[in-house]
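First comes one chain, alone, set out as structure tokens in the form predicted on its own.
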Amino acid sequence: MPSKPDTALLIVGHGSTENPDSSTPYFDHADEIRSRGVFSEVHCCFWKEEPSMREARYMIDADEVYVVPDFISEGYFTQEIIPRELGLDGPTTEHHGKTWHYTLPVGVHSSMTGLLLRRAKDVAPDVDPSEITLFIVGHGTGLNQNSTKAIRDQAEAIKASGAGYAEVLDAYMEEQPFIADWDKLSKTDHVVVVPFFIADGLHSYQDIPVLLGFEKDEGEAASQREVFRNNPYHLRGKTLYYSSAIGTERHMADVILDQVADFDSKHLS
């Protein structure tokens, strides 16, 4: 995308007080974008880690700021918490002597479809997609329907992409269809599971592997498990391939820039 001198990019993430590695993908994506020299400044801030959202404005020198939520879906955090913490009241806000542009979260961008297909191919490179059921897995919650919409949309986009998978299904940890029933939901012998999360943490290291059936509730620290490196798993009469969270994909930096470009096209052109 064209260079934006005198403009800052602020990547906003959830963060975690329990998993110090959860913020690593955000900083990796920031480093990648910084290396391209598009913005004069690139920063990260978090809800559950330092630097916080309220500290962000003190880190930024530029008068114009693009705020990109590095979140999977639209919902409580992107529609309430981030605007409140940063003082945003719409797509563009004049606040604290700066102009703030607020984009949609990365998870709803159409270019996420390409990342999911890349990750699915990487995790099972020698299996023909026509023999695979591909699961896109999210948390799910009955409190917010938007939490599953982004995943359903991506599953439909993959089906329409012509990638050739036998089946593409959305499934969830805490609402139907449950990923714990993956063997009953899939009709093929080969199954690929891609967690639709921004960072690897307790859900992708432990919770989903337990639901899939190849990890136990108790054991060594979740982050020390080699759950992504022992593919394939042979269980429940099928061959299962399990990937790390989609947000760890290095091309997520491109999705962040795509959201900025889309914002410009929609609001500033």
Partner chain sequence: MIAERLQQALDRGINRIGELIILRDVADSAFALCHIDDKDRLDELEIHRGAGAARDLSTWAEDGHYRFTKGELSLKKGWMLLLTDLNELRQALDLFYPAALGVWIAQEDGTLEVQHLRDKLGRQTGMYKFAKGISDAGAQRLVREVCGPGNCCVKKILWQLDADTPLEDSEASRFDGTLGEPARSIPLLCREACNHFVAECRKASKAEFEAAGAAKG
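Please read all numbers here as calculations on a predicted model, not as lab measurements. Positions refer to the first chain, counted from 1.
This next part talks about the form predicted together with its partner chain, which is not shown.
No member of the trio 118, 147 and 156 reaches its partner chain in the model of the complex with any non-hydrogen atom inside 4.5 Å.
Considering its partner chain in the model of the complex, the lone stretch of 126 to 134, 176 to 184, 73 to 81, 162 to 170 in range is 73 to 81 [heavy atom distance within 4.5 Å].
Proximity of residue 36 to its partner chain in the model of the complex falls outside the 4.5 Å heavy atom cutoff. In the model of the complex, residue 48 approaches its partner chain with a heavy atom inside 4.5 Å. Its partner chain is not shown here, and in the model of the complex it never comes within 4.5 Å of any heavy atom of residue 203.
Although the partner is absent here, residue 235 lies well away from its partner chain in the model of the complex, with no heavy atom inside 4.5 Å. Of the residues in 38 to 63, those that come within 4.5 Å of its partner chain in the model of the complex through at least one heavy atom are, in sequence order, 41, 43, 47, 48, 49, 50, 51, 52, 54, 55, 57, 58, 59, 60, 61.
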